[in-house]
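Coming up is one lone chain in structure tokens, specifically the form predicted on its own.
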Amino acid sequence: MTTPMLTKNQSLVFDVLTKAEAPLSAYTILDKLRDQGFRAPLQVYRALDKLLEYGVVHRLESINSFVACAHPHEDCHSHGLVAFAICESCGQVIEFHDHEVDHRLMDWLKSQKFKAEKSTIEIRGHCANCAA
């Protein structure tokens, strides 16, 4: 997957997410970009919507935050299942994708005649460092 040409705002939001050590909420992104002219949450949400559409950013539903895709140049995220392990202690997020798991799930969905619109798996727990 080639990353499309990003607008200035999309590039700024994407840059903040790629440099972040943990998932960020839209309001945290807004705070980090105020010096670059961002004034309203709508500016951030519009950029995030496009970045999500391009598959270079993921939304973590359970914590209402966003992360940059760990593999933005692979085509596996455009229609596949992505899972995230989220550490409850430090906030670290590990992205996971497995074609075999993806194919098994797609086969099951077909057998159920179910058309999936969106799927994300979030596993909450403790990373290796925090569990030790």
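Residue indices: 1-based, along the sequence shown. Because the structure is a prediction, the values reported are computed rather than measured.
One more form of this protein, predicted in complex with another copy of the chain, exists but is not displayed; see below.
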- prompt: So, Thr18, Ala22 and Leu52: all three within 4.5 Å of another copy of the chain in the predicted bound form by heavy atoms, or not?
  reply: no
task: Spell out, yes or no, whether the shortest heavy atom distance between Val44 and another copy of the chain in the predicted bound form is within 4.5 Å.
output: no
field: is_contact(Ala26, another copy of the chain) in the predicted bound form, heavy atom dist at most 4.5 Å
entry: no
- request: Report yes if any heavy atom of Ile86 sits within 4.5 Å of a heavy atom of another copy of the chain in the predicted bound form; otherwise report no.
  value: yes
- prompt: Taking heavy atoms only, is Arg104 within 4.5 angstroms of another copy of the chain in the predicted bound form?
  reply: yes
- line: Restricting to 91-115, the residues within 4.5 Å of another copy of the chain in the predicted bound form through any heavy atom are Ile94, Phe96, Asp98, Glu100, Val101, Arg104, Leu105, Trp108, Leu109, Gln112, Lys113, Phe114, Lys115
